[in-house]
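Given as structure tokens, the chain that follows is alone and in the form predicted alone.
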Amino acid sequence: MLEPNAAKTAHSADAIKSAADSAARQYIASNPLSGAINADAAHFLPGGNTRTSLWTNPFPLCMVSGHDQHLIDADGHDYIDFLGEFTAGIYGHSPKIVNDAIIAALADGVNLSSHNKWEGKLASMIIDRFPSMDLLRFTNSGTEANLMALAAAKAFTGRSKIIVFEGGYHGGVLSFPPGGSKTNVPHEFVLGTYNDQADTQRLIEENKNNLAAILVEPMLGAGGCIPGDPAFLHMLRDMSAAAGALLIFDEIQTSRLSAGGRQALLGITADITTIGKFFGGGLAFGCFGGRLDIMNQFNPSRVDALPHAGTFNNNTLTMAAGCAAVEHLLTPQALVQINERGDRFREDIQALFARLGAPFRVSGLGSIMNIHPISPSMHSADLRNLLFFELVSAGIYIAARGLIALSLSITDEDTATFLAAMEGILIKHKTLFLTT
């Protein structure tokens, strides 16, 4: 026989699951064309999916168009996009200045079998923003950028071990969720606990003679938008240098927190920095850059140069789009404004949760944040699903896992609409939530 508290918890879990299942049924009924498109794609793609982060049970929405901060799905529903392409869509959808740059570049040729006029210009714009980059190279994704950063660190130091952190995500083959990942590349990883200074100091000391690099996000992104403690990140800087290892800052998400990323806000200079996403104007893009002596390993005029190929590393569309976006849209002032709006928005969401006694919290920095259930794990998946389906029904689009990333197109009116929708959802389920 269950104890009273255990019985109450089990009843609460059943009630939350029932509510989540009901919301899922409504989602299915409201989105028949998205469901049909996914079912058809499943004949050719596993689960109808080719990008795991987009998957949502019972099927993901199929978006057919986007403009500014709005998305329209196959069934004609209009959403305010608070997901922002998982932080990559900082410019909103199809801004004219970027579209015009792409069209102009397209007229001259997508790939010109050689260098082009855009790549040096974009490189100079990025280096101006990141003092940690003396030289850089382009890739096609953030995953590639991090793979090349690790290769550079191992070649430069002649060492093999890489310290990473549980919850870290550096690409599809460099992912460290609880329980690990079977698709990771086989580097000699040493797994640490994020923000645990004492344990990380021990790991660095134990492995210092063969430690090539420490690879870290200044804020865990896919790991839940958990900010790195400044003292922890400064410790990594100091101890990696003392050990003769390189500090690699993965700023693929956090580079939007200021003109020079989070490292500029913290006064930390990494040995290698990786960026991606929006610096390519919204097209496929990645970049790794760092100290002159490290990056000169890739100078092809050297007889001992490290190889780094990639047919589309410097494709004209991405280079031109990146130049237009960085120069005209991703200005220091625009980044200050979007992150101030994000801080206010996150505080307002948290205040709403507290006022209504909702079993959620929100973490993050600036314009990136994540909503988390705070109840026992037996409730968590159903709580996430319930909130996601209810927000979709209200015309609000976030990640199913709770990620929110503001775009420059999002307005105060949009955040007010989100807060009103969230308040309505919390009031609707207030009795249910009070049992958690």
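All residue numbers are counted from 1 along the displayed sequence. Here the structure is a predicted model, which is why all the values come from computation and not from measurement.
There is another form of the same protein, the form predicted in complex with a small molecule; it is not shown, and what comes next is about it.
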item: Interface residue in the predicted complex among Asn313, Ser141, Thr157, Ser363, criterion: non-hydrogen atom within 4.5 angstroms of the small molecule; value: Ser141
item: The small molecule: the contacting residue among Ala270, Ile252, Ile214, Ala321 in the predicted complex [heavy atom, 4.5 Å]; value: Ile252
item: Option from 244 to 252, 340 to 348, 128 to 136, 101 to 109 whose residues, in the predicted complex, bring a heavy atom within 4.5 Å of the small molecule; value: 244 to 252
item: Phe82: touches the small molecule in the predicted complex, heavy atom cutoff 4.5 angstroms; value: no
item: Heavy atom of Gly171 within 4.5 Å of the small molecule in the predicted complex; value: yes
item: Interface membership of Thr200, the small molecule in the predicted complex, 4.5 Å heavy atom rule; value: no
item: is_contact(Gln263, the small molecule) in the predicted complex, heavy atom dist at most 4.5 Å; value: no
